[in-house]
Ligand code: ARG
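Take a look at this single chain in structure tokens; it is the form predicted on its own.
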Amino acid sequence: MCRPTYYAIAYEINPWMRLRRPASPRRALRQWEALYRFLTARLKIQVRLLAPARGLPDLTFTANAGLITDRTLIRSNFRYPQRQREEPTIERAFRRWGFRIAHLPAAFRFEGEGDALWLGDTLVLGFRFRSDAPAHESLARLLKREVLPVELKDDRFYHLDTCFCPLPGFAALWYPGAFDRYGRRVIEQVATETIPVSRTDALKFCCNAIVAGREIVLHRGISSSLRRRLERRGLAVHELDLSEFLKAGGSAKCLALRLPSRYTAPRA
């Protein structure tokens, strides 16, 4: 995770970002700290902190830094120049932490866990708005795993993690309206169970959730029917206010990149 010291709506690179609708730095920091405390104190999750950097307002969305496998970071190739400036900072930090760095071909855009999520041993890759479909072949070679590309069709759900969330038991929470017909078919075939959400819940970024075992952490305000469905699956649902980050098109999952289970985070 990365404290949102310099977080701001400094440009417009997705439909959620509006310069005339700025984020409150004070509220954003308070919301981020509540999420951090919940993960570390309540759920006992170890969290490594990436140092914030002036001029990189979206660095706080660490899910987009890359995809980690074992001790290797497959670093993102960001689509927009505003976020490409994050790449050297990310690479330096992970090298200091002892990770190897792998790169996809420069011709391919790829935005890490924002668009690449594991469902069991299969990697689902969302493409169109931020990542490129041909990146799936390079990822498959690097990972030696099956990588399934699915096309996103609604630019409000510009990253896969805004509309798709793997759950325990190879199930998935998802918003079908964000995918084209072939993408919907792929997800329905690879997941043991799909839990569709309404557009109203999807626009609250309910799929942009952190899942840790049987705990799921997401932005507050989901429908009571969705909460009941998740609880019936044995999940403990935790809703936190992350409204300042929704202004940039992000929520809980965007704010956290998963490290290997064998990785021990030094004290921050």
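The numbering used is simple: start at 1 and walk along the sequence shown. Small disclaimer: the values here were computed from a predicted structure and weren't measured.
Heads up, the form predicted in complex with the named molecule isn't pictured, but that's what we're talking about next.
For the chain shown here without its partner, which stretch in 168-176, 151-159, 93-101, 120-128 has non-hydrogen atoms within 4.5 angstroms of the named molecule in the predicted complex? Correct option: 151-159.
Using a 4.5 angstroms cut-off on non-hydrogen atoms, would Met17 count as touching the named molecule in the predicted complex? Although the named molecule is absent here, Met17 would touch it in the predicted complex, with heavy atoms inside 4.5 Å.
I'd like to know if Arg184 sits close to the named molecule in the predicted complex, meaning any non-hydrogen atom pair within 4.5 angstroms. Heavy-atom contact with the named molecule at 4.5 Å: absent for Arg184.
Mark Arg109 yes when one of its heavy atoms lies within 4.5 Å of a heavy atom of the named molecule in the predicted complex, and no otherwise. Arg109: no contact with the named molecule in the predicted complex.
How about Leu259: is it within 4.5 Å of the named molecule in the predicted complex, going by heavy atoms? Leu259 lies outside the contact set for the named molecule.
Using a 4.5 Å cut-off on heavy atoms, which residues of 23-58 contact the named molecule in the predicted complex? The one in contact is Asp58.
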